[in-house]
Ligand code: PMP
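Take a look at this one chain, the form predicted on its own, written out in structure tokens.
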Amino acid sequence: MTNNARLREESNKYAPGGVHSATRNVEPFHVFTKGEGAYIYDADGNKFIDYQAAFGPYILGHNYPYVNNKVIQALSTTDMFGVGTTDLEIEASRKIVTHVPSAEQVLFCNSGSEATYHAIRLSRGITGRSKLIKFQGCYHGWHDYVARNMLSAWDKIGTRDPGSAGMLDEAIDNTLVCTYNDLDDVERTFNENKGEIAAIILEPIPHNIGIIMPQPGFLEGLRELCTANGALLIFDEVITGFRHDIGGYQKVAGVTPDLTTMGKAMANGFPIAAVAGKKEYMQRFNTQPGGDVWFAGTYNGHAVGTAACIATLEMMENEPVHEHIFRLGERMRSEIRGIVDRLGIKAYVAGFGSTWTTYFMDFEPKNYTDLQHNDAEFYVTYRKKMIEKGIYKMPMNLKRNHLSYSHTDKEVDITLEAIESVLKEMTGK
């Protein structure tokens, strides 16, 4: 029995399914023991170039020395106190307010799901309304407010599709689902629910389903519709934030939401998240005396996360992090397009900045419905064969890949060679 198999068997004794987050239970199953730079290693000593990046936090690379050392340094003098604030919280807040256009004030929590929960509750407190708009295929966390119509079965699109047993009907039914990139659908939903919608929440690029780019005018149109209807616009930048720009995708797009949620790349893999927005809205949280929207958490602003956040943003401020990962991303996408063209494979190579995915379909998808044209079986088989060649991409349908500052042209060369080899093998060309 391999070490991976033995440890998996043991893990199943102690945890349901042997994993501690649902999407980690995939085949082939690995027990990972080390991460360094662009590479991850499993219990059998297998080495992989990592493009999964734990769903996106590792913008600098695994165990990045500058960040790790700052965390170690912070923990030599501080941890958490549960009263007042810390110098680390102040500095991390200052950096976010400095760089993110919508962030006049910010509050820290520990996961993206917490951040979206707080943002939605705040929007309801401000507007006095109950309903929420999200988009089919987008993911905003595990809580009842948003855990519906995520990776729906194709025949569930446009229907009531809760993501879990145990959800409250009231929460499910107060969340309205629209089609991404369809402003007419959003406007129609506002008109059918006049004066009832508190907010729109969206991934400005729906990365839960790979990379679907907003069409020209879509984000601007959402901003206008929210303003016209007295609703708040919430950008869930847990994935896009800091990965696509130190100011988030909102800075790239030139569209400023009312509230923003952040996480993942803000601390290069250390646990921290945030909700930020206009001061007049953020002051409704009861961290401000007189505020009436509850905000609390034992581990909020812990030294581990805030020190890592400061160090990660310092790297972005002082080194060409985005220039490097964007160049590698453009090279990867361009050369994969060349490979699929040479082999005559029906494919659309999607991406932005340091992210990409190859949909096996013959047109650019504009929304989740379009993605039913992707050859899911081919997509997942291709990824599993890449893992066999030492290239780790999440072996699930519709998942994005991520480059980090630790990846170099050497890793891209190896990856492109493996891609061409696998695609030739799969197509017999």
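If you're wondering where the values come from, they're calculated on a predicted model, not measured in any experiment. Sequential numbering from 1, following the sequence displayed.
Just so it is clear, the following notes concern the form predicted together with the named molecule, a form of the same protein that is not shown.
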item: Steric status of site, the named molecule superimposed as seen in the predicted complex, threshold 2.4 angstroms to backbone or C-beta; value: open
item: Residue among 276, 238, 309, 234 with a heavy atom within 4.5 Å of the named molecule in the predicted complex; value: 238
item: Selected contact from 287, 86, 113, 152, since only one has a non-hydrogen atom within 4.5 angstroms of the named molecule in the predicted complex; value: 113
item: Candidate stretches 141-149, 158-166, 331-339, 185-193 - the one whose heavy atoms come within 4.5 Å of the named molecule in the predicted complex; value: 141-149
item: In the predicted complex, residue 208 touching the named molecule (heavy atom, 4.5 Å); value: yes
item: In the predicted complex, residue 203 touching the named molecule (heavy atom, 4.5 Å); value: yes
item: Residue 264, heavy atom within 4.5 angstroms of the named molecule in the predicted complex; value: yes
